[in-house]
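Let's start with one chain on its own, the form predicted alone, as structure tokens.
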């Protein structure tokens, strides 16, 4: 496929809030599908049980919220309301389960609502360790992983063994390596990998079976390096704060059109949450737990035991040779908005310019944001800071 055809396929998947791909996959493979909310879940466990992991990121601006608004207060983020709307409009009926990773109180409450509203669906709230000692947090998380693995085996009526898990871990290791290759290519040649295209490619990870997804990414990388795309006088920025409720596609396009090359980001973070490979071993559950404890990104949705807020962001900026940072957070996102002042303090110490704004997944007007980031880009071009 050409780059245009690949991106068209990804955009079709992005717009597929009825999950037709998932329905077709289940029918073809006579298997089941497990949905999950942002940010991170161990998809290897779902895959090893022969099921399809399906990322649910709300409905964006593709679905009018009618009944979903009745379930949550107006002073919380938008994604739980649209997820409820997806559920009660029967768009999630093809899912046999839903996982709700520990992000914030809102997602925890959403998991409780799903248990009450969708009694035939397997629903689990995943607790992640707050203590990163292997003998404490490690043992706790291993218990969580083994419980989920047993549950998935029962749901799909299969026996998952060590080889099954290692096989799935290997496939996801390969996928993370290709994603890293894609991000490295974008950082080195941002004009070849527009942020909007990379975002659509990452959104495809929500539904595509992992081997199909890895093949698609490889094909895109192979094709896009042959594209003749113009260089632009854009500044290089890191976008952060978008790890949970995802920005509308049009917002990302607006940022690019305002004069910014996005050279790193934290959207669709679950697909890149583990840094490097998970070890293939005689105890793959232990290997998954060890990877979470010792080899994951720093983000507001994960407990920071070192208390060194901003260090990971500074590292991102320097590695990507970024000239500034854009803080983009969903309205009322407590984790992102509480962490932002600490990260800004770290940026100030390094004299790294930044700007910030808020959005919701169904935001429809971007002119003000475009003007703000355009002014930010111009100030860096003219004076080297904001």
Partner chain sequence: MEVRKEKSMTLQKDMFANHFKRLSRAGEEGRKVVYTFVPGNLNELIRSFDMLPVHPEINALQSAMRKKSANYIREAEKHGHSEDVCTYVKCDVGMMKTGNIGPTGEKLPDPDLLLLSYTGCFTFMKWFEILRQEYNNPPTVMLQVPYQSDGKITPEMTNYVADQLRDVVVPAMEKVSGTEFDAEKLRTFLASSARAEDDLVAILASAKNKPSPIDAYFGGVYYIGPIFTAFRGFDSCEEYYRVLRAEIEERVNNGQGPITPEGQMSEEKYRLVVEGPPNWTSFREFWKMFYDESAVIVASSYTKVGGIYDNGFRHDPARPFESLADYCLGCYTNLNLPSRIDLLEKYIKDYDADGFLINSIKSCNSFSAGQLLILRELEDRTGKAGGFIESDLVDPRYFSPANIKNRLESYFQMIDAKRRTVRNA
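Residue numbers count along the first chain shown, from 1. On a predicted model such as this, the values are computed, not experimentally measured, just so you know.
Quick note: we don't show the form predicted together with the partner chain, though the next part is all about it.
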Three-residue site 76, 112 and 140 fully in contact with the partner chain in the model of the complex at 4.5 Å by heavy atom: yes
Any of the heavy atoms of residue 61 lying within 4.5 Å of the partner chain in the model of the complex? no
4.5 angstroms heavy atom contact with the partner chain in the model of the complex for residue 128: yes
Residue 304: touches the partner chain in the model of the complex, heavy atom cutoff 4.5 angstroms: yes
So in the model of the complex, does residue 33 come within 4.5 Å of the partner chain, heavy atom to heavy atom? no
Thinking of the partner chain in the model of the complex, which stretch from 342 to 350, 22 to 30, 45 to 53, 319 to 327 has heavy atoms inside 4.5 Å of it? 342 to 350
Among 72, 172, 183, 312, just one has a heavy atom within 4.5 Å of the partner chain in the model of the complex, namely 72
Going by heavy atom distances of 4.5 angstroms or less, which of 260, 204, 193, 103 would be at the interface with the partner chain in the model of the complex? 103
Determine the residues of 311 to 336 with a heavy atom within 4.5 Å of the partner chain in the model of the complex and present them in sequence order; the list may be empty. 331, 332, 334, 335
